[in-house]
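Okay, so here's just one chain, in structure tokens, the form predicted on its own.
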């Protein structure tokens, strides 16, 4: 299943480095070409000779060892289809997140434009360190995929989250990324993200707590699977796909309508404000002696309902955020909106939803509940959502073909 693929493995100086020997063998059994780069400290845990014998390739360590006059970090980056860094130490995570290129491994990462998987492994207190968390968030923002460490007994003798995740999980994810890139090829998917901002005056506005993380995760996942992605976002983000920056609900409506006709799928993950200020003040509103102030609000357009009413070939997916009676409200909403799917979020929980890196959702269609996705990182949730949407679409296409053949 990996025949013809080149996998570049970066190994850093953590005790879990020895486990990568078995991972190399797993890749080789599937006919992958495996190349390895080590940081100098990684060789304290595993030998260069072992890695060379297992990978059947020279192991890169020295940034200035340049055979055939080729800059080594560029040649590694050009030749590989995917890069995996495992185990990834807190030190290397910090370097990559901040663009530091002080060894061969970090220089290759900086030049690598294909998928990069990062599998951290460290002491549980290090994993919970605020600086490490911030660096991980940076990497996710830049488009790196983090394969989170697992809980268990650590080499330092303590129990906690920090051990390298299972080799099977790393292997499976590598295969998925390499073999799923064209799954959505030819599909134009429009995704909205973030909370809209409705001005009151030049310095104040009405908005909500949406971070845009779920919409961005959906866009990243769809792009990785080969889709032509358009992300309409209130949140500033840099990616390799098309991004349309908007502010208000009216801005978002205009942007969605512009892309809708040529879209195969529209996923409304943004939290669009229900109301906007009727008369926006051109100057800053001054505080008065009055104890109360009134601002008149008017309804914003219902973008989801609007596009659902005019869809032809498009699949329209909505989101709902509820603090109570999640499923009852979601079932009522999907019937009112007329969309094909509705993703229901419970915002009453602090461990998922707004601003969190994790989510737990229930997917509904017009007939009822399709699937419940248990708590997981938002990228994994995004992947499952796309699988439900396009898995269902493939099943419908198969059924149509059978019916046309007289077999239904």
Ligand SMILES: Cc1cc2nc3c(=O)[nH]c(=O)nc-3n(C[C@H](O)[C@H](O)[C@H](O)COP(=O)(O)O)c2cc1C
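Residue numbers count along the first chain shown, from 1. Nothing here was measured: the structure is a model prediction, and the numbers come from that model. C-alpha atoms forming the largest set that superposes within 1.5 Å between two forms make up the rigid core.
Just so it is clear, the following notes concern the form predicted together with the ligand, a form of the same protein that is not shown.
- Residue 103 is the only one of 248, 103, 308, 174 with a heavy atom lying within 4.5 Å of the ligand in the model of the complex.
- Here is the short version: of 330, 316, 83, 121, the single residue with a heavy atom within 4.5 Å of the ligand in the model of the complex is 121.
- Of the candidate stretches 52 to 60, 36 to 44, 370 to 378, 357 to 365, only 36 to 44 has residues whose heavy atoms lie within 4.5 Å of the ligand in the model of the complex.
- Three-residue candidate spot 230, 233 and 303; no residue lies within 4.5 angstroms of the ligand in the model of the complex by any non-hydrogen atom.
- Interface residue remark: residue 334 is not counted as part of the site for the ligand in the model of the complex, having no heavy atom within 4.5 Å.
- With a 4.5 Å cutoff on heavy atoms, residue 92 counts as touching the ligand in the model of the complex.
- In the model of the complex, the ligand lies farther than 4.5 Å from every heavy atom of residue 10.
- Put simply, residue 15 is close to the ligand in the model of the complex: some heavy atom of it is within 4.5 Å.
- With the core held fixed, residue 43 shows a CA shift of 2 Å or greater between this form and the one not shown.
- Residue 95: CA moves 2 Å or more between this form and the one not shown after rigid-core fitting.
- Once the rigid core is overlaid between this form and the one not shown, residue 272 does not reach a Cα shift of 2 Å, moving by less than that.
- With a change of no less than 3 Å, the CA-CA distance between residue 126 and residue 237 is larger in the model of the complex than in the form shown.
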